[in-house]
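Quick setup: one chain, the form predicted on its own, written in structure tokens, and binding and motion questions come after.
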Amino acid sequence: MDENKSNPHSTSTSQTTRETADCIFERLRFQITRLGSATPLTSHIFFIFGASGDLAKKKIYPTLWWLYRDGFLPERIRFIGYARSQITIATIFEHAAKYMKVENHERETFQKFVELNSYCVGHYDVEKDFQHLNDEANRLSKQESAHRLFYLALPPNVYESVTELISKHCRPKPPGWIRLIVEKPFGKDLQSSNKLSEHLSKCYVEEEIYRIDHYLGKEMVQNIIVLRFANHILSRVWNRDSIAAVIIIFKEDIGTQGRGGYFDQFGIIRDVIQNHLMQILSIVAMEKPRSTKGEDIRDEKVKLLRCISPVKPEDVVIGQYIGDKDSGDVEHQQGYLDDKTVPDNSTTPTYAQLILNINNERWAGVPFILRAGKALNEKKAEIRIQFRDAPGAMFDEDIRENDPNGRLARDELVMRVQPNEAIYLKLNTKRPGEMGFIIEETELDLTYGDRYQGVKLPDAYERLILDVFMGSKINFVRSDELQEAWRIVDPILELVDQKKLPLIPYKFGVFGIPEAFEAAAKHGYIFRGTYLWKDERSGSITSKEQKKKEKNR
């Protein structure tokens, strides 16, 4: 079914594919040059705070290498890692090696990249360590006015001291600029988020702050704006008159894998829904911006969020996964509380569904369902726009002849964010070769792996870090936007923290929680479980296999 649809095409290494990628890279380089990200003689320094941590080794250093390899970074650049660990830059690259994906023919280029990197040991609250870091930056760049970018891959409890000391001791001399990349979580609730924003505003202007949400760098999330506002056929139906419900889904097929200690401080609502899914919702539902400029787009997102009422307790379902002792998969046998880093009595949700209402003329009465969970049956993120029932009963008699309990399926526009990016419109059609009007569900399909074979889609971090170099803020979160997102979920977070909402256990590997599906149906989202993806329709599927698929779905 479409829940399990996969991309049959793997990345090709043919000459055609390489030529396609080279052509795309060349266009990107031209765009970067046109946008004027830097003058040839200007030096840049990229600082990685938390250089010894997981995010740095798995994402930041590999991303910087890929951007350097593909010729997207300024010619005069240095990279400085900073952390408390008594290690060397060689140790950092040793730990990050398997994530770098260095090909044999890239070894020489990679060595040049490594030579541009250095590492400083220091505390996050000691002034002399930041003074030493500044001296080291000046020595390496030989230019006190070099542009400086600071990536904070740090726990939130050190943000205040680090950002204050960076501003005090590590600012470049004019005309150099400073840009601060702040990783989520941006606070733990409305109060702590506002406190952090207030602190940052004392040290930096908003133009210098880049609050990074990597979901905004994903190809399909960025494509929503084009899909909505560049296609008249969609703009006419993008409202409460045509749309019955919108559901935004995030699923992971893994548990905490021994890293539950960090997750337990936040839970799935803070970790995924308040940021990733709320960002997607604002783009799906916002009014048309005046232009594609960052501030115009972010203005409309804020206006939209201000129209959303705080979530009601009756519109929330939360759960926590337990081990499936009958599973042959060892990981699936382990529940959330079996993670040794998680407190024994933890009631932190690993699954949540929130149903939101947007109180404006376009969306009044349309439920926006945000659903996220760990330890489910698959890894997936997607947006489903479900349209209202076709008016009239023209085909009811034909449908009942084949299924006494049947009804005409609703049209549904699906935007698959990950994996295997795709946009497809589910609709009804006459079954070929049949007498009369026997109707089945099919699709108009834009699967990226089919349509854009050989095209390399940049990693979200690649796109976002490149945006920071160019000074583009379209894909970053503004302080007022952040405040509104916290306002919407804050009352529910308080109830969750006070253990006032029922926590539903669910087995590792299930499709989801039945209570969540029932709540979505109550608000008007209809799930039939009868749709087959094209690859499954073309194969031979027995009735028994079909029922099993529908049950799992």
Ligand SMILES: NC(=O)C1=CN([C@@H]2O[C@H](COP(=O)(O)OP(=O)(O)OC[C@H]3O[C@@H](n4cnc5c(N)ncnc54)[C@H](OP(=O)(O)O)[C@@H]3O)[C@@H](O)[C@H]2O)C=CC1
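These numbers were taken from a predicted model, which means no experiment stands behind them. Numbering starts at 1 and runs along the sequence shown.
What comes next is about the form predicted in complex with the named molecule, which does not appear here.
With the named molecule left out of view, the stretch that reaches within 4.5 Å of it through heavy atoms in the model of the complex is, among 490 to 498, 64 to 72, 518 to 526, 45 to 53, 45 to 53. Contact with the named molecule in the model of the complex, judged by any heavy atom within 4.5 Å, is made by just one of 124, 424, 150, 238: 124. In terms of contact with the named molecule in the model of the complex, the residue from 199, 169, 184, 76 that brings a heavy atom within 4.5 Å is 184. Contact annotation for residue 83: at least one heavy atom lies within 4.5 Å of the named molecule in the model of the complex. Although the partner is absent from this view, residue 413 stays clear of the named molecule in the model of the complex, with no non-hydrogen atom inside 4.5 angstroms.
When the named molecule is considered in the model of the complex, residue 259 lines it closely, a heavy atom lying within 4.5 Å. None of the heavy atoms of residue 302 is located within 4.5 Å of the named molecule in the model of the complex. Applying a 4.5 Å heavy atom cutoff to the named molecule in the model of the complex picks out 153, 154, 155, 156, 157, 158, 159 from 144 to 180, in order along the sequence.
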